[in-house]
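Quick setup: one chain, the form predicted on its own, written in structure tokens, and binding and motion questions come after.
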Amino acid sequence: MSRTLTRTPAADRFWMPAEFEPHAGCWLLWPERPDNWRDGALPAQRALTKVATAIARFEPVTVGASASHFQFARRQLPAAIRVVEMSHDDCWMRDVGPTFVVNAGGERRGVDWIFNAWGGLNGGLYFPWAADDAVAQKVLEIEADARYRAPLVNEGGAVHVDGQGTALVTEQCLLNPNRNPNMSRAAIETALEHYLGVSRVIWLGAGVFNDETDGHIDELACFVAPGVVALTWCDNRRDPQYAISRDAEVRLRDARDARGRTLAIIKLPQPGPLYSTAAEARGVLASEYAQPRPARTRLAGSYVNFYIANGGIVMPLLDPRTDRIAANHLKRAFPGRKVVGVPTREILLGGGNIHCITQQVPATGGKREQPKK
């Protein structure tokens, strides 16, 4: 049974490790809802199966599926992938699953954020979301890890860390009044310090243009190593992403991490711009409980939305004009890992990509160096 703890990770000397540190495995959720995924979610299920299969080359994978979809998911996924019955509202495990934390002795626990579907009744993407808000606790029960229930509306895709005391976030997301309207910027930063175990929060401005999660950091920028950040980049001055990326670059160059280092920047090209088609839009079931997905919607495509596995990088393939360029950048950034591309337009059509549908489970055991304050 998973214990619910009353202190904070920082008070207990736990912190969120970097994604590029060793994993015990990875969790995903099976896409199902027809008012978000076209054609009864079948194309998205095929895409997720490819993502899960690619990750399973490098580390154990678990997929949660609802009772009505369990047998179908089990048949579609390779036998080596564990499938568990788990109710949920949609498949964004990064945001609804636990954010794992570790200590110097190699123990692992999990943070369970309050989830309100990226805005609740003030711009949220679907209703209800109670099943999603329960996912983190269920994952922690299965993993037998103790649980911190954070008093903060937040999502895993809204934070990224270097494992050495530094967090990256965006103002567009974490300062949005549809998350924590009664908390100041300073109070939110303090909460992040307490629950991520960090001592430095670097605030970027807006996220990727038209990102429906209100600008998650995992679309815009992420740590690829201590002191090194990958950034979504756009050279077209007429594109709205141009100003966003340049503002982020300025902030990153002016910033110092928790150890006082300046940050090196790897620029990953923006694909597209990409738009949904009329045929893709027709396949989504209209519903009063989920946001509509009309044709010609600008999609928040980003190569930063990749997953770091134990021996590999699983990246989205989104645009033949830029896929190879992005892959080459990632190969140079991760020389010890194999870069594997997976076509994920179907995941993008639902509002996210590979990083959004995954949640890494840090490895236990061994000694870790605690971030310095």
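All residue numbers refer to positions in the sequence shown, first residue = 1. Just so you know, these numbers come straight off a predicted model, no measurement behind them.
The same protein also has a form predicted together with 6-aminohexanamide (KQY), omitted here; what follows describes it.
Annotation: pocket open; no atom of 6-aminohexanamide (KQY), superposed via site C-alphas from its pose in the model of the complex, falls within 2.4 angstroms of a backbone or C-beta atom.
Checked against 6-aminohexanamide (KQY) in the model of the complex, the residues 271, 157, 165, 98 give one hit for a heavy atom within 4.5 Å, which is 157. The listed set 89, 257, 112, 219 contains one residue whose heavy atoms approach 6-aminohexanamide (KQY) in the model of the complex to within 4.5 Å, identified as 219. The closest heavy atom approach of residue 351 to 6-aminohexanamide (KQY) in the model of the complex falls within 4.5 Å.
At the 4.5 Å threshold, heavy atoms of residue 125 reach 6-aminohexanamide (KQY) in the model of the complex.
Under a 4.5 angstroms non-hydrogen atom cutoff, 6-aminohexanamide (KQY) in the model of the complex has residue 118 among its neighbouring residues. Residue contact check for residue 179: none of its heavy atoms lie within 4.5 Å of 6-aminohexanamide (KQY) in the model of the complex. Although the partner is absent from the chain shown here, 212, 293 and 356 each have a heavy atom within 4.5 Å of 6-aminohexanamide (KQY) in the model of the complex. None of 343 to 351, 38 to 46, 307 to 315, 23 to 31 except one has non-hydrogen atoms within 4.5 angstroms of 6-aminohexanamide (KQY) in the model of the complex; the exception is 343 to 351.
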